[in-house]
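Have a look below at one chain only, the form predicted on its own, in structure tokens format.
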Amino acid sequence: MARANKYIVLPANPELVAQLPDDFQFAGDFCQRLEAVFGFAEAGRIIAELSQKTISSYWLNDLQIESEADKVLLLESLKAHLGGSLGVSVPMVSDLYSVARDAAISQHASAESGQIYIQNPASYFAVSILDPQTDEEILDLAAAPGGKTLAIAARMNNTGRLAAVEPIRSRFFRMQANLQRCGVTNVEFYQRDGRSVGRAVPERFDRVLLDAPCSSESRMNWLDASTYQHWSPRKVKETQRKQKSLIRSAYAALKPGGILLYCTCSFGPDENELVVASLLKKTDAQIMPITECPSNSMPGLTRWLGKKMNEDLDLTLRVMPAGPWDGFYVAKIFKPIA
């Protein structure tokens, strides 16, 4: 894995900017930050990747498959739909199968019934790092639309208790419907601001997932202006303030000895290392190593804008977009027992 902390911010490279749409107002700022994190060659590859998303991934949801006989029928139906194969098993998350997007896996009846769930490998990988166990009490602090919540519930086999928090009314009800459709029965839903949860239920949960609201940089698509026109350096700073409040709330809700997983689908350190660093500075939180990493990943930054950051941020992980993978940042955080 490439080391990241040698990079500093330089003026935007015009060769990179030229690859972005003309109506992207802050293309220069975006390219400048991307090159500072990844270097010129990788930044160029990522920019190209964001306009070539041609692969989808899905997994079998056992919560909606009643018997082995039903699973056999489902597999036969999927193979027939996909031309004789389930797809390619995704390395590091072998439960997922990747298929060409034009295979229209979302149009198979099992997608509507919840027997399969279409999800990016990066999201499923985050849940595997959280490593939910049966009969635990787990918090998903920014849960909508519910894909990671479902993956957690499936690993728990609908045991224990899963709290799913979402403040926005429309997203809250869509999440409820999505999880009920997919057979999740161990979840309790809370429509509230996640920043208040830590104060309301301190040290309650065995594990906490915070897939923080972010600028969604890795989900930009240069063919769809709605995915990038919202982005600006100012918006990133505003998002960072909310993320810092959310991660403090998530950590407060975590039991001593518990695990918090912080993740975003953004590239820049403002929403990633700097948010985690703020928690390390204000609490006794400790970063845990992520022992199994995709080949398309690199360690977190320990230096940004010429300033050193906590060396333990090297244990966090950046996943670069490649093939079926969206870009992602993941930090696994431990709360010590006093």
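Numbering starts at 1 and follows the sequence shown. Please read all numbers here as calculations on a predicted model, not as lab measurements.
Note that the form predicted together with ligand SAM isn't included here; everything after this is about it.
Under a 4.5 angstroms non-hydrogen atom cutoff, ligand SAM in the model of the complex lacks D206 among its neighbouring residues. Under a 4.5 angstroms non-hydrogen atom cutoff, ligand SAM in the model of the complex lacks I247 among its neighbouring residues. Of the heavy atoms in I168, some are within 4.5 Å of ligand SAM in the model of the complex. Mapping the unseen interface onto this chain, G147 counts among the residues with a heavy atom inside 4.5 Å of ligand SAM in the model of the complex. Put simply, of I138, L141, A253, L96 only one has a heavy atom within 4.5 Å of ligand SAM in the model of the complex, and it is L141. Interface residue among G160, P213, P233, G257 relative to ligand SAM in the model of the complex, by the heavy atom within 4.5 Å criterion: P213. The candidate stretches are 70 to 78, 102 to 110, 147 to 155, 225 to 233, and the one lying within 4.5 Å of ligand SAM in the model of the complex by heavy atoms is 147 to 155. In sequence order, D193, G194, R195, D211 are the residues of 193 to 211 having a heavy atom within 4.5 Å of ligand SAM in the model of the complex; the partner itself is omitted from this view.
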